[in-house]
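As a starting point, one isolated chain is supplied in structure tokens, in the form predicted on its own.
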């Protein structure tokens, strides 16, 4: 990477680097259920950050069910049967099939380039970052089920540039080929704009559910996506944790 590119690319927040490092060690088997996790003071020293930053990383891992924090015994990798990890990334084709419907997919647009500032912020990327922008429509028994708009960070996943996504959707391809260590969902209700209403075969201003998703791999954003569903057609199910 050139010096100029390095200057324009924002640094990954330290708390995400801490989370990514711990998650990578768990996924590699270096840390197993019940194993202790370094404490806040040790992590702060290792990553050259404040104890508050280390605390945020461990707190978020605890909230996601990855680790368990005990006042006297410290932080340990969560054991099976403990807290549920509420974040799930379903394959939309399997989601539709589980409803007893036939799945259909269409790639609407595929474009390479440098994303707008608002999207760069979501990708935590600099002005020189290139992204693959995809728009797709998913159907259930021929009825529009989900409109997907996605940006894949080519700094993190350069191999995505060679995939045309004509036959396989980015949701399925990413889950099959790109491991992720961290993620978030943001849910909101909205009214369909004219273009979205036409794609989803609903009336303009009809209620829609929008899900925004970002995933990271060891502190670097993989993808940012927006999924829009007709409000009358989609139900969200998530496990509840009794603590």
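What you are looking at is a predicted structure, and each value in this text was computed from that prediction instead of being measured. Heads up, when I say rigid core I mean the largest set of C-alphas that superpose within 1.5 Å between the two forms. Positions refer to the first chain, counted from 1.
Another form exists, predicted in complex with the DNA; not displayed. Remarks below refer to it.
In the predicted bound form, the DNA sits within 4.5 Å of a heavy atom belonging to residue 15. Shown alone here, residue 39 lies within 4.5 Å of the DNA in the predicted bound form, counting heavy atoms only. In the predicted bound form, the DNA lies farther than 4.5 Å from every heavy atom of residue 28.
In the predicted bound form, the DNA lies within 4.5 Å of some heavy atom of residue 74.
Interface residue among 70, 32, 195, 177 relative to the DNA in the predicted bound form, by the heavy atom within 4.5 Å criterion: 70. Exactly one listed residue, out of 190, 49, 202, 211, brings a non-hydrogen atom to within 4.5 Å of the DNA in the predicted bound form: 49.
Shown without its partner, the chain has 50, 51, 52, 53, 55, 56, 59 in segment 50-64 as residues with a non-hydrogen atom within 4.5 angstroms of the DNA in the predicted bound form.
Put the two forms on the same core and the Cα of residue 183 is off by less than 2 Å between the shown form and the other one. Once the cores line up, the CA of residue 217 ends up less than 2 angstroms apart between the shown form and the other one. Once the rigid core is used as the reference frame, the Cα position of residue 204 differs between the shown form and the other one by less than 2 Å.
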